[in-house]
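The data below hold one chain only, encoded as structure tokens and taken in the form predicted alone.
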Amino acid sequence: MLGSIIDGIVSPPGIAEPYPSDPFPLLTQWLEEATRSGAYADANAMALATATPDAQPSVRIVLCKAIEPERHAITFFTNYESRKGLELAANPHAAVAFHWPNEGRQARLEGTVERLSDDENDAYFRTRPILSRIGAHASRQSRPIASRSVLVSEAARVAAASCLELGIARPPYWGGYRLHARSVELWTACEGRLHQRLRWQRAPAAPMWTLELLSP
């Protein structure tokens, strides 16, 4: 019994050595494996943390729409006038966390954020389901409303107008962000809470990542 315990400690599941010099190919692989598993309704769901300039934090779940290894970045979309949009405008730094419990994996990224271009935003908006495009117009995200019926009525008005106009253009207050990672941590669950934590960091102008192992 002691031998099996020691084996589990010495050779735990996780990222094998030699560790990759760039975390993004592995992050991409992890997301693809979680998606293929079928265990998650949204394997690309991630917690997005933002903060005001005076360090008041907020967090919510959004969907990662792309991992861009060549840019060391990820993208997501939202309403620019929402709480997170206003916080990112005032303080363009963010952190995100993915959690895939069936695989015993987490991923964390921190970095600076910039808006996507109008062309990128328009191209993605055209791929959204019709109800999601209607919702982008009907909802002034994070603002108080008198009742849900107000929101539903506005959605119905937008839907009717779109039928007459033969399309729904992207509203100017809706679009995407690109988070340029300066830190990436990949975490794997191991027995006895001896989890594996690897953190890659990169200075803004540095071409290479530096890697360190963290105590769990």
Ligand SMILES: Cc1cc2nc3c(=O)[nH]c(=O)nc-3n(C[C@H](O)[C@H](O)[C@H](O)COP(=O)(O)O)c2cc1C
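Each residue number is its position in the shown sequence, starting from 1. In this text the structure is predicted, and so the values were computed from the model without any measurement.
Omitted here: the form predicted in complex with the ligand. The next part is about that form.
Though the ligand is absent from this view, in the model of the complex it lies within 4.5 Å of a heavy atom of just one residue from T112, N121, S82, N91, which is S82.
Note on contacts: among V62, I67, A49, L31, the single residue with a heavy atom within 4.5 Å of the ligand in the model of the complex is V62. In the model of the complex, the ligand sits beyond 4.5 Å of every heavy atom of F98.
Contact check for Q106: every heavy atom lies farther than 4.5 Å from the ligand in the model of the complex. The closest non-hydrogen atom of E191 lies beyond 4.5 Å of the ligand in the model of the complex. Proximity to the ligand in the model of the complex holds for all of D42, T78 and S142, with the criterion being a heavy atom within 4.5 Å. Residue heavy atoms within 4.5 Å of the ligand in the model of the complex occur in exactly one stretch of 113 to 121, 98 to 106, 130 to 138, 83 to 91, and that stretch is 83 to 91.
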